[in-house]
Ligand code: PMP
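One chain is shown next in structure tokens, namely the form predicted alone.
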Amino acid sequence: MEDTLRRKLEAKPLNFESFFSEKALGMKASEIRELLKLVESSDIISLAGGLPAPETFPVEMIKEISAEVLEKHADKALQYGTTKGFTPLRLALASWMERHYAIPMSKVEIMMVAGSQQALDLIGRTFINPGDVVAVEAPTYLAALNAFGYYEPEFLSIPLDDDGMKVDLLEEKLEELEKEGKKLKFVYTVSTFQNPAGVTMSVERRKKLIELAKEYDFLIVEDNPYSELRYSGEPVPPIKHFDDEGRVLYLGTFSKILSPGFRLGWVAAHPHFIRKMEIAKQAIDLCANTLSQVIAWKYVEEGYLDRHIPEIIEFYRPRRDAMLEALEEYMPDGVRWTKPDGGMFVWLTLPEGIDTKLMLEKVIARGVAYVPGEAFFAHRDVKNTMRLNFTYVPEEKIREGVRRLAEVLKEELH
């Protein structure tokens, strides 16, 4: 009997794939995450990730606040919380946004999420039906494509220039959709120091986008993780600042201004939208990390945030400058790049005919890494671009990494 059973098991190995849902079978790993696995375990200058520098984490401040939280607020910090989040933190963030962005507290409600990445999934879950049209920048944030793509929208790609999304081209596409009997559900934009391109949408285009949203009746999802990291130029109000109808869902995060390990972000939107997203979140994780929320509350409420942001800026500015100077010094003719006033990224456009995904192996062999640009396009139809990060490694390594990258590019061009 045992021999018969053993032979059956040996003859029919378990077909793992047969148990997955159709959606699971269609899932693909994040190309950036897979690349980071490679470069983190080797002696490679990584200009690939979107990682904050650990030196900017306010370790002593977190120790001090954590001790106070555990001494005075442990009953709340170590307990389950409400799905919308720890109320004192939500109120502190609303007040902070009103002071910094002139967004009236009366017009928004805030819900805490497990990083703004969870907010993207919740938006997909709450707003997207299969076949709905969703407009994204070209290029756009890869993880947003992954989050929204699970819910099977039709992506409409709108190109960028140095002033952000080309809103005039969006208007043309909206007219075409109307003629086809289709309707846009929402526009997704990383409005300030865009990921991956580093560009910032102009005030004029922000206002125009609001006007188009009213005229064609769509929503705007404004992802704003980088706007506090400004190294030059004048601040630009968020799109949410110009929103008088509640059409903008604003996403913020502590990942770049406190620590990504906290996994804590927020959505600021009309209470009607927040309520439905709250119900969706109940089925996912019940509530965001309560301990992180209570610590973040003290961080915002007691002014630590406002004192810490200038320190982050002073730390990153030389790294941004080092990358732009190195690109100017080493890059061959025919290569173009953005010159961001803030954020974490520079976007390179190479001459036609160069495929940066195919070239990556040669560059890694020289001890440097970048992210090929193809993955940032909804239709993966642009091959000659790449994203470089300047926040994670020190200036001397940035310069050396750009020099090595330029060497390979010169070989490819000749």
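Computed from a prediction, not measured in an experiment: that's the story for all the values here. So that there is no doubt, residue numbering starts at 1 and follows the sequence shown.
One more form of this protein, predicted in complex with the named molecule, exists but is not displayed; see below.
A heavy atom within 4.5 Å of the named molecule in the predicted bound form is found for one listed residue only; from Asn195, Gln293, Thr83, Thr338, this is Asn195. Among the residues Arg263, His73, His308, Lys182, the one placing a heavy atom within 4.5 Å of the named molecule in the predicted bound form is Arg263. Proximity of Ala138 to the named molecule in the predicted bound form falls outside the 4.5 Å heavy atom cutoff. In the predicted bound form, no heavy atom of Gly342 sits within 4.5 Å of the named molecule.
Contact check for Gly115: a heavy atom falls within 4.5 Å of the named molecule in the predicted bound form.
For the chain shown alone, Phe218 is not a contact residue for the named molecule in the predicted bound form, no non-hydrogen atom being within 4.5 angstroms.
Looking at 233-241, 322-330, 281-289, 220-228, the stretch with residues near the named molecule in the predicted bound form, meaning non-hydrogen atoms within 4.5 angstroms, turns out to be 220-228. Shown here without the named molecule, the chain has Thr253, Ser255, Lys256, Arg263 in 239-267 lying with a heavy atom within 4.5 Å of that partner in the predicted bound form.
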